[in-house]
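In the block that follows, a single chain appears as structure tokens, in the form predicted on its own.
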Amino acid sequence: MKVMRETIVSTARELFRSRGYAGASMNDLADAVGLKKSSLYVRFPNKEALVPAVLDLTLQETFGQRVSASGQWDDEFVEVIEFIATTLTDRGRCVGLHLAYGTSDETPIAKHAVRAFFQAHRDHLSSILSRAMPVDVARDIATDTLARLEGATAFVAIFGEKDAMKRAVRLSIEEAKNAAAAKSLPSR
């Protein structure tokens, strides 16, 4: 039976998302995709080797071809954070954050992949925002936005409170627009 790499990676992502790093096993993954465990190990030598592939797939889906039709920074920022918020709300947790709590110095490849995942998110949001404000302000707002979205995800997962995510998106948009407006005000 031929199983595509993307099927393995997307199935691994859902196992990591639902069970965490420690709770997901290569055995469970092999069963879920219909492979013999030995065939899975030929493609991925261990569970840790799956983490970069899982997070790369997630980044590609989040930022891949996403460009606002208007070409305006604010439309693009809204589009990206609404996509992230919808994904987090629909899935009930962030695979990157779930993996962050399960990786350690004993899993350096996974730990590095998680760090790179969140850095890529912050860098991408910062690059959008820096078109309208100073780079240091853009980086802070990108960081705050990600913190809000991840924090709201906890309330979605624990209490089913989707309004927390809506508020996180709204506050992030307001913060970005206020910073952009402040930059365009004449200095005294």
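All residue numbers are counted from 1 along the displayed sequence. Values in this document were obtained by computation on a predicted structure and should not be read as measured data.
From this point on, the text means the form predicted together with a further copy of the same chain, which you will not see here.
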Assert contact residue (a further copy of the same chain, in the predicted complex, non-hydrogen atom within 4.5 Å, options 132, 30, 146, 59) equals 146
If you check 26, 157, 53, 35 against a further copy of the same chain in the predicted complex, which one has a heavy atom within 4.5 Å? 157
Using heavy atoms only and a 4.5 Å cut-off, decide whether all three of 119, 161 and 164 touch a further copy of the same chain in the predicted complex. yes
Contact with a further copy of the same chain in the predicted complex for residue 100, defined as at least one heavy atom pair within 4.5 Å: yes or no? yes
Taking heavy atoms only, is residue 128 within 4.5 angstroms of a further copy of the same chain in the predicted complex? no
Though only this chain appears here, would residue 139 touch a further copy of the same chain in the predicted complex if you measure heavy atom gaps against 4.5 Å? yes
Can you tell me whether residue 150 touches a further copy of the same chain? I mean in the predicted complex, with a 4.5 angstroms heavy atom cut-off. yes
Counting only non-hydrogen atoms and a 4.5 Å cut-off, give the residues of 8 to 31 close to a further copy of the same chain in the predicted complex. 18, 22, 23
